[in-house]
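The chain below stands alone and is given as structure tokens, in the form predicted on its own.
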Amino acid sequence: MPPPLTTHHSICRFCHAACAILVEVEDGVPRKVKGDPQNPVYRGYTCSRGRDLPAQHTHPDRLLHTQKRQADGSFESISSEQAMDEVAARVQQIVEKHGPRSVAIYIGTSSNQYVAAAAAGVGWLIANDSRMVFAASTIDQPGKHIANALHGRWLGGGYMYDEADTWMLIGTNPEVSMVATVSCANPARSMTEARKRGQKLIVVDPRKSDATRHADIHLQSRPGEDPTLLAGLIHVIIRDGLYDKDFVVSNTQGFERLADAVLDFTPGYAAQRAGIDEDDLVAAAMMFAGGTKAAAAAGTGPNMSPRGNLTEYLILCLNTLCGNWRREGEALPNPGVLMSPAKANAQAMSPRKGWGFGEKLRVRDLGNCAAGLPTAALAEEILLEGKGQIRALVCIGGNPVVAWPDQKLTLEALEKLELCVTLDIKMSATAKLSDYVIAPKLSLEVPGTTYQVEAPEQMWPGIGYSRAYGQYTPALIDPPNGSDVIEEWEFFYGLAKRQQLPLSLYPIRAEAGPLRAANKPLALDMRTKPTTEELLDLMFAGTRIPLSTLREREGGAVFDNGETLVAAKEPGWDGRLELAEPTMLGELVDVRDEDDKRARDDFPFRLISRRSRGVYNSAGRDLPNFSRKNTYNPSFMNPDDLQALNIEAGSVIQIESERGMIIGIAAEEKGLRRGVVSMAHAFGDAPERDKDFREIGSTTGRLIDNRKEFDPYSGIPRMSSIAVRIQKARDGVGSRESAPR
């Protein structure tokens, strides 16, 4: 008789959206995932990535044992205990010889789906007296963190998409990215429902993306001109008196200087620079300013383009000018679940430093910023000889070979390390260059919560749940028989134990959400190893809704528990939002004065980044829902551009920047602006696998130069809107026999 098939409530942790799912398990093996139709927030939604979770758990390439690199470059399985013994000893030797700063960690985007992974990694590094913590935040959307610091925060919070009457999306496609600035609980349905209730939507994007189907106005701008376009919108709003005068007078400073700074960004000038219709720009400004509950929000593309800090800063100025912040007496849609009880006041928290504090790097005069240490400078820190050189690197939930900008520099750096340790579920491009590859448990084998969606809700408009929703899930299954897999936090606990160091769980950024207990280090018992459930109890002590209550509510629930209102400004409070931060306005002057660099005869196209449905950065490319349709990242271009170049869809092409060249496969996208090529990032592998581009795609990071053009605060280089030239592949290029290596 076959074993029974049982169904369990859980949380999808493939990406950051934390969808509520039902998992069918047979004989300890996950067989099927579907959305939970009874869930009050997700209402049965799950995407193709979530439905692929069973395949991830049973994939033949999944690592079930830790791997150690041998002298000949091959790998052999060793026990996790032996790996921790050896890694702890080698780290200790490196620290004793070269000092604590010689050890660093990199925290990728997949780490935040697992309980305490990043927090334990940071705690272990700090216990070694190193502060060399690098994360994906400085090569993804660092402008958000920096602009938030320079502008200040409104402590009453912003509006949520589900309640808004007007919204603006800048370079983001929520249906694919699952970005929380719309709703991570089925963005497509949320946008359709918003349209039906009369919400006005403005989309700024060089592409006619999924989001533009719902848009009232689509500003199909040139890549890299987001600051120009935003300055033009602000010009119109100030010129025509469309801003919220009472809010500006009572809660801001610098209005007159901002007005002067945008004076030259007339609708005609801004529209001409951005390549859009002047009337459309004016209409967008009037529509946005006419909203009573509104917000503008940007995605990865504008942040990866030049001047991402300025883009995000101008967005905050736009929101503040229009008074798009919650006022005294308005109800908070989400007073918190796995957070301390919310306390919101209708007042501004004054700006703080966006950079120039904490650890200082040795290269390019870079240092710590509000988004963290500059990851784009990490390769140089590894390569630069001398005191303070990084010699050991631990990668958690990331794949630097294909995710970091400037692949050539990245490869040189990884090969130079004395010790490289990667925690990964398979032999990724980075894992193959590592000395040890630690095999971790997967999501259905560990408990989890929805905290990662709730945590940043006060940082930016629209982020988080629009209701007081939370869910807990236990581990549903055991790891496969005969395997030796551990949780990421256990690896760092094991290292600290062997090094006789204390270990605390550290938040990566204490300001990422309302104040709560876990925003301070949480010391672990080093005599008796805690369980993951005990870690959860420690992390979520003192939250508005006790974790024990979530454990009792199988499948997630909304915990309204009465209305929480925004309180009045505290007596004597003098905080103000900054509309004229000098560095940002100085950059705006530079934008106005800079030469037109949109196109050059030798590099006439601009390559922009995009998300690929079915994958999460470099994860998921080998899973059925993606690989049965495609296995690579097509090079999307306007059909007229392809015709002008005498290139047919499906042809092999060369894409070349000043820094490097990759092979692509041309694809038509009728809604793409001319002069643009659009490709997903984090595909491909190291150069020796270029011949497999039809199966694994190409790494756009090879086109990026870390050191030629970069932000002086976060270090992020030009990662989108890259100047490239396109041509048919030379004879033989693209064949398995002669593809470039």
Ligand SMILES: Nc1nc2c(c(=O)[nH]1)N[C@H]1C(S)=C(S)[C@@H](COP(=O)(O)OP(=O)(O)OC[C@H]3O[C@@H](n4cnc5c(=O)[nH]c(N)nc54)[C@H](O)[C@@H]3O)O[C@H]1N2
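Please read these numbers as outputs of a predicted model, since none were measured by experiment. Don't overthink the numbering: it's just position in the shown sequence, from 1.
Although not depicted, the form predicted together with the named molecule is the subject of the following passage.
Heavy atom contact within 4.5 Å of the named molecule in the model of the complex, the stretch among 378 to 386, 330 to 338, 258 to 266, 292 to 300: It is 292 to 300 that comes within 4.5 Å of the partner.
Name the residue from 434, 173, 449, 324 that puts a heavy atom within 4.5 Å of the named molecule in the model of the complex. By the 4.5 Å heavy-atom cutoff, the listed residue in contact is 173.
Of 464, 223, 157, 121, which residue is found within 4.5 angstroms of the named molecule in the model of the complex when only non-hydrogen atoms are counted? When the named molecule is considered in the model of the complex, the option within 4.5 Å is 223.
Kindly confirm or deny that 16, 114 and 425 each have some heavy atom within 4.5 angstroms of the named molecule in the model of the complex. All of them do, each having a heavy atom within 4.5 Å of the partner.
Quick one: is residue 684 in contact with the named molecule in the model of the complex, heavy atoms, 4.5 Å cut-off? Residue-level check for residue 684: no, no contact with the named molecule.
Using a 4.5 angstroms cut-off on non-hydrogen atoms, would residue 635 count as touching the named molecule in the model of the complex? It does not: once the named molecule is placed as it appears in the model of the complex, residue 635 has no heavy atom within 4.5 Å of it.
Contact test in the model of the complex: residue 23 vs the named molecule, heavy atoms, 4.5 Å: Outside the cut-off, so no.
Residue 454 near the named molecule in the model of the complex, any heavy atom under 4.5 Å? No - in the model of the complex, heavy atoms of residue 454 and the named molecule never come within 4.5 Å of each other.
Stretch 388 to 411 - residues with a heavy atom within 4.5 Å of the named molecule in the model of the complex: Result: 397, 398, 399, 400, 403.
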